[in-house]
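This document opens with one chain alone, in structure tokens, the form predicted on its own.
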């Protein structure tokens, strides 16, 4: 059984029942809250909230496993690069220095640098669940209708819907091309060397690019034949009005954003929480 990645799941959960525009607004407010603050207490609290929402939305780990692997690689790489180029940045931020380990030259591990990079790690990691929830629980057609209802051009709204719909199409084409190439003797498993796997992967990517271009041309021609863009407005089959749960979700996200700002301004007196003073 093939697992669909980056595609909308038709389930009946409180998250799925929210309007697409509600999920976009809450995603933006919660993301801004996390990006603004460097208080690890706030970040972990928001992260726990995100994981609870992830559980409520019934998203399986198998659906996001590949995404999480790439995210983890990015976070680890980011941490290494940060320490390589700015090993004393934590000391500059917090104004104190508590050395833990001498490595070599100017590369000495301090509590301040470790705390800063740990905060930064959780900061990025806490945003990922919100993006996953938005992507996997939002019906592209309903989301496009919501955007159009806000006054955004329906051409732009429809382009967004097509983009969201295109992820599973690309995945399906990749799997079909990959299986066809393997049936012809192409080896992309761990049995082949890394260099050979890379070369063989190109034999899948190239036809995938051409099939994508062909699909884009096909969709464009179909839209032109149906007179897409002739009128200034259009109706939507899946247009959804905001309900009580939508307003509640927006209010909760706004409150979290405001609380984050207030903690930074009035309690920490800065975007950074300093446990060393």
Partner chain sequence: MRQKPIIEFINYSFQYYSQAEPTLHDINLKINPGEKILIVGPSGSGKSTLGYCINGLIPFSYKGKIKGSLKVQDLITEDQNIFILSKIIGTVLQDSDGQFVGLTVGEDIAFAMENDNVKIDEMNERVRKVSAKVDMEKLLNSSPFELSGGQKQKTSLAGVMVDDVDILLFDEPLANLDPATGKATIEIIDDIHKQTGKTIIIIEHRLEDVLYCDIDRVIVMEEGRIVADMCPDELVSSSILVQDGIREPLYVTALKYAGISVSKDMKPGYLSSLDVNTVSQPLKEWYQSIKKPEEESEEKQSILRMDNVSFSYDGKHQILDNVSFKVDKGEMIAIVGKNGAGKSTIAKVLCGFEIQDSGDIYYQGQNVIDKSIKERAEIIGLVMQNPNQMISKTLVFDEVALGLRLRNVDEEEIRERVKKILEICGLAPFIEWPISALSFGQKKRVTIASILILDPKIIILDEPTAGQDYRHYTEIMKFLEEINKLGVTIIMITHDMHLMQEYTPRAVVLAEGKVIADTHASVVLTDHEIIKRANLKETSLYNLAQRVGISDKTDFVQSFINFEKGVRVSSED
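If you're wondering where the values come from, they're calculated on a predicted model, not measured in any experiment. Residue numbers count along the first chain shown, from 1. Between two forms, the rigid core is the largest collection of C-alphas that superpose within 1.5 Å.
The same protein also exists as the form predicted in complex with the partner chain; that form is not shown, yet it is the one meant from here on.
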query: Interface stretch in the model of the complex with the partner chain - options 248-256, 50-58, 25-33, 229-237, non-hydrogen atom within 4.5 Å; finding: 229-237
query: Contact label in the model of the complex: residue 211 to the partner chain, heavy atom within 4.5 Å; finding: yes
query: Any non-hydrogen atom of residue 223 within 4.5 angstroms of the partner chain in the model of the complex; finding: yes
query: The partner chain contact in the model of the complex: residue 88, any heavy atom under 4.5 Å; finding: no
query: Residue 181, heavy atom within 4.5 angstroms of the partner chain in the model of the complex; finding: yes
query: The partner chain: the contacting residue among 93, 147, 186, 125 in the model of the complex [heavy atom, 4.5 Å]; finding: 186
query: Interface residue in the model of the complex among 158, 83, 115, 121, criterion: non-hydrogen atom within 4.5 angstroms of the partner chain; finding: 158
query: Residues within stretch 153-173 having a non-hydrogen atom within 4.5 Å of the partner chain in the model of the complex; finding: 158, 162, 165, 166, 168, 169, 172, 173
query: Core fit, then residue 91 C-alpha moves 2 Å or more between this form and the one not shown; finding: no
query: Core-superposed comparison between this form and the one not shown, residue 232 Cα displacement 2 Å or beyond; finding: no
query: Rigid core superposed: residue 135 CA moves 2 Å or more between this form and the one not shown; finding: no
